[in-house]
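Presented as structure tokens, the chain that follows is alone, the form predicted alone.
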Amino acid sequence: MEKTCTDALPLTMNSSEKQETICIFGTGDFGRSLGFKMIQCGYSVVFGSRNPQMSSLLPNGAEVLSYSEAAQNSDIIIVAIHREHYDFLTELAEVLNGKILVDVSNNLKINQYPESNAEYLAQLVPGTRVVKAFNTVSAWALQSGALDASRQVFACGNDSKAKQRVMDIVRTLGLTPLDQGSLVAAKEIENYPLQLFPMWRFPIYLSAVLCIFLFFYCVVREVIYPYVYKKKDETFRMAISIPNRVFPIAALTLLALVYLPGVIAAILQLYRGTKYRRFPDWLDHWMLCRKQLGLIALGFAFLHVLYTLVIPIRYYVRWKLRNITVTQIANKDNPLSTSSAWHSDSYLALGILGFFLFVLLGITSLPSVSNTVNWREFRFVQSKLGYLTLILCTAHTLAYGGKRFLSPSTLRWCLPSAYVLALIIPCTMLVIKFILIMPCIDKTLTRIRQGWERNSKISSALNGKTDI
């Protein structure tokens, strides 16, 4: 399917348009990959090179000429060379006059130059029509078949007809063109590939700070405190025990932070009495990062499961069990406590169910899965099952604490156990959510989200009194 490109052909394209010749300046990796893709889709491709005789590894069926000769074969020229080598184009100004130049270049860092490469190219060869495109697609994606986000090709240019012709080529190659307007947008388009996981930055920083804080909190309680008061060396806990406390706390906290912005947004809408006012920028950004927060939380949950599975093979645990067995043999049998058995099984069952739903949430957030369900189904899984997951994981943590939850004996330097910290945000958010779903409040919130405004009603009433 990729070779024929039949699914990607525009409905208005005829055979003569499909056979038009495209000129590519540059025989590097990207130029060769783009030429290979175009030949697969039926275009005639001619390469322009400073050394036509030395060019190799070009796709079969492509012709290699000098820059001047190649430019005469087509009125669409794809400039697949770096900005620092654009100067030779001034010598071809007469040949390039009136032609469409497609700039595909990228920079080494964001805002490397005062103007975008495309704008610089338009200034360098003023008689041409410059279009920025293809810079967000990699050479590897062109050869192997672009999927998902790599199918998107941002395009911008001051000449609408030239931009439309380039976008038609993009569609023919099986890619998705996105019109970004005039050439002014070229700088933003060039910066886009240089952004390293832009939507992941805040979640990663937040997760790192949270883990570092929790780790040192546990070290103070479980390593430093025993050494100061009992002269016991508990440093071995930093390898397994402490991480296995940090990861579940981080997972539960981040999961709560996924749903907290929605609760805050609801409170703001109730307070304002309208949905037609923008949320604060920090809240908007927070809501856009919810998927990334959830996936990181799922990663911590996986680590918690793995660390829990290795507990029985730890030397410390085996040593402790051996001592307990010897003590029981020396004294007497330890009778089964039904309440303790129920507590232990309930704690494990809640954890297993919570982790199962956690994984289900992560799977449904994948584009390949979310694209197969409608909006109502996706919302049911991410919202209703999401809150159920949060409730189960919170209950799992509460069951873990049991009777020790707020016992004074668990305090060390007035610091409670780490799992108590994990309950602060989830419990607070669940209580607020419970209040919001009460019929009297939920009814008002639903009306606001359907377009009703509190102030407009008051204004209407006042206007009615004035008219009377």
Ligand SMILES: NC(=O)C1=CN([C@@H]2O[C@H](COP(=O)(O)OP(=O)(O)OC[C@H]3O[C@@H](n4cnc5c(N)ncnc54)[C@H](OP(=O)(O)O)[C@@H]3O)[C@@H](O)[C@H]2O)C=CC1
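Please read these numbers as outputs of a predicted model, since none were measured by experiment. Rigid core here is just the name for the largest C-alpha set that superposes within 1.5 Å across the two forms. We number the residues from 1 along the sequence you see.
Form predicted in complex with the ligand: not shown, discussed below.
- Every residue of the trio Gly28, Ala80 and Asn106 has some heavy atom no more than 4.5 Å from the ligand in the predicted bound form.
- Remark: Ser138 counts among the residues lining the ligand in the predicted bound form, judged by a heavy atom distance of 4.5 Å or less.
- Using a 4.5 angstroms threshold between heavy atoms, Phe154 stays clear of the ligand in the predicted bound form.
- Remark: Arg50 counts among the residues lining the ligand in the predicted bound form, judged by a heavy atom distance of 4.5 Å or less.
- At a distance threshold of 4.5 angstroms between non-hydrogen atoms, His85 is in contact with the ligand in the predicted bound form.
- Exactly one of the stretches 94 to 102, 127 to 135, 171 to 179, 224 to 232 approaches the ligand in the predicted bound form with heavy atoms within 4.5 Å, and it is 127 to 135.
- Contacts to the ligand in the predicted bound form (heavy atom within 4.5 Å) from stretch 151 to 171: none.
- Once both forms are fitted on their core, a CA shift of 2 Å or more is seen for Thr27 between the shown form and the other one.
- Shown in the overlay between the shown form and the other one, fitted on the rigid core, is a CA shift at Leu108 of 2 Å or greater.
- The Cα position of Ala118 differs by 2 Å or more between the shown form and the other one after fitting on the rigid core.
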